[in-house]
Every structure is written in C-alpha cells, then in structure tokens.
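The data below hold one chain only, encoded as structure tokens and taken in the form predicted on its own.
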C-alpha cells in the first residue's frame, strides 16, 4: 500500500467510514479504509462477553434508522448477509400497574392501546409514516440544502422544533401516549425540555411505523460485515491494525475522509487546521455518556406487562414526568435514582444469539459525560420494578462504563454514543456552522463521522453525504 496512490483514503472503519468508502467505490474511484482496531465495526460489533454461546452487541443493538437508511436501502446488502429481524412488538413502555404502551408497525394496533389519545396519535404519526421515505431523504442529511420534499419535511419539521415534553403535553391527555413519545425522544440524550428534542420522538416513532425497530440477524456486526464485503467486491480495500496519528501516516490520495470526532481530528491534523476552524472544532460539545450492562439469562425476562415479553426494545422509565425528570437530572450532571433505561431483548427476534431457551439482555442508562459512577444498581432497580424475580435468571453479567466504552470505540468520547451533543445549533450545524459541513479547513480533507449531519445512529448517512461532497469537490464527480 505504501507505494500506491488512491483516489480516497478513509480513516476509521465504522458504519460511516465504510458507507463513505462504498459510495466512493460505487463511483469507480479507488479507495482504502484504514482501521486502528483488528476488525472494522466502530459502534457495531458483536462479541461473546459473558458466556460462550451468548452473542452481545457491544454498542448499537436496535436499528430503526439502519433499516430506514436511504443509503443502506439503495445498496444490495442483503446479498452480503444483512437480514433484518422484527419482534412481534417493536417497543414496549411499561407502567407500575403491569400494563404497557406498545409500538407496533401497524399504527392502528399502536393507537388502539392509547385510550383517549388514539385519534391524536394516529393524526400525528400516520402522515409521517406514510411519507417517511421522503422525510428520511431530507432529514438524514445536511440542513443547508433545498429539501426535495418540502411539504413532507414541513409536516415533520414544525412539531419537531418543540421540546419533547411540551409536544407530549400539548397533544396527549393520558400517560400511555405521553410516556411512549417521551421515551422515544429520550434517545436524544438531551434534557427533554429543550427545543428540538421532539424531533427524536417523531423520527423514531415514524420510522417504527414505516419500517420497524429490528435487529440484524447474528448481531449488529452483520451490518458492517455486509458493508465491508460489498466494498471489497467493488474493488475497495480495508487495512486493519492501521492507526493514524498524523497526516504523515496516510498514503497519498486525492481526498481523505475521517470517521472521527473533532477531538481526534485536532489531534491528528491540528497543525494543518486553520485558526478559526480549529478554534470552532475545539468548542464542539460532547454530550452525556452511557453506562451499559449485558446479561446472559437462563430464560426470558419475567416482565409483569405481557407486551414487554414480546418486545424487542423496552423503555423502563415510568411516566412522562419520570422520564423528563431523569433526563433533566443527567443533563444537570448527576445520575437519576430511577433513570430511563433502554433495554434490548435481541433474542426475542433472534434466538440463535443464545443457547436454546436462554437469552441475552442489553441495557443502558444515561450518565453525565465521562462519569465513572457504577450505575448497575440504578439499572437493576428498574428491572426489579417491572420484572420482579428476574435476578434468579442471571447466569453472568458484564458492565461497561464511559471510559471502557471510549477505549473500545474512540468516537464515544466520554461515553457519548452520539458523536457530540445533539442540542441547540449543534443538532443542525455539526461540527461547526458551515455551508459544507463535511469539508475541513484543509483542502480535500473531510469529516464523515456522526459529528456531522445527520448525527448519531447506525445509518451510514454521514459517510454517504461526506463522500458525495468529496466526489463533487475533490474527485471530479
């Protein structure tokens, strides 16, 4: 490789880096991916971290935006082994009286369980689900470009500007719809009283009704395996165990794309970055982190709410008021006694990830940025609340704090899995306010990580858009 000149070099082999490389290779350009670890994957890897035969997703687990990604849907990834598996219930949000709000792909099945809010929920979500492909093409991209579907995007964008807590209170009357919506919005990892947090609930809800909240058969690593195999078939190359500490470590290329966050880009290319751009990168804000626990279980979780037993994802947060208070507490710098816990039961849809009759369980809660607090007791307190007796099923558990998460994937700075706080102007203008957000101040050097639009999630759209910009600007179309 040292003697070869490429059209493009991509630094980092996560979903965005691989998506960028695939986009460039599909255009007939030569490209190589340099990955520091011994395997590609970034936030999409799967390992036996508790007991043999129990396959756990290390970071990402459930993929409502993966199955909806305009890039992934355009590419023949199924030919390379990517298969989406759906649980019977996409998402369940339980309450203390052993009932739960349930998200089904079918809007009517979801709305029918929401009491007086049945009509309001249907009126909100049905148009978004109907137009979701059009909305996704516009919303999962740079903000400063003319929308291709302005009416559909406006229908999404107007309520999306509100705080999630405000929209839930304005639209809904009962606890089920309010909690279901704010639980989804809680994936923002931002105080839900903040502007624009409703966008997360709307996007994830509409995606759930349009495509579902599936898992990838065999684990999240199946997504990057498919991307890597497709890239190689297109003639692209991948080099693992290839750290890049400075621009001098790179082979010659017409364009270089970095699947890293601003902090790493400054460390690698700092001397070459122009003053104003570098200063703005240095002000880039990272958000709260996560504390994660994985379990090997002897049997299924004994949820008291029947819908939770059939769900791929469970949000343990109680009422809307509890969810909002939990996220506000994290934003203020401390751990809530009863945090919002995001739970994935991958083996409900993909039983082959554990020995026959046994299960994996994946769970995390939000913690302050860089916190070393052990949140196991807080997470397990929520399990006790909604699934009493579950402790008798535990065969083994493994915990991951913010430092361990960052050590595993350097882009998760301080445990932030979103590539930077998605709040305020930084939700729209990432990493800095700029007409072309993927271009750095160094000619022909681009940023393609989740620190660029549209932000976090295993959807590859940051890499896809950055590569298209590089093709137009540096690689001749």
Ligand SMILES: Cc1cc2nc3c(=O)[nH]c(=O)nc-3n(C[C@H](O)[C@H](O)[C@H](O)COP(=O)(O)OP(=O)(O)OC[C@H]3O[C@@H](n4cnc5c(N)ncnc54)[C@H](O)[C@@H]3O)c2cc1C
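Values in this document were obtained by computation on a predicted structure and should not be read as measured data. Positions refer to the first chain, counted from 1.
One more form of this protein exists, namely the form predicted together with the named molecule; it is left out here, but the text below deals with it.
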property: Which of 372-380, 262-270, 123-131, 102-110 sits within 4.5 Å of the named molecule in the predicted complex, heavy atom basis; result: 262-270
property: Residue 405: touches the named molecule in the predicted complex, heavy atom cutoff 4.5 angstroms; result: yes
property: Heavy atom of residue 292 within 4.5 Å of the named molecule in the predicted complex; result: yes
property: Residue 454 within 4.5 Å of the named molecule in the predicted complex, heavy atoms; result: no
property: Partner contact for residue 36 in the predicted complex: the named molecule, 4.5 angstroms, heavy atom; result: yes
property: Among the candidates 71, 244, 238, 202, the residue which, in the predicted complex, approaches the named molecule to within 4.5 Å (heavy atoms); result: 244
property: Single option in 59, 445, 32, 421 placed near the named molecule in the predicted complex, where near means a heavy atom within 4.5 Å; result: 59
property: Contacts with the named molecule in the predicted complex - residues in 11-29 whose heavy atoms fall within 4.5 Å; result: 11, 12, 13, 14, 15, 16, 17
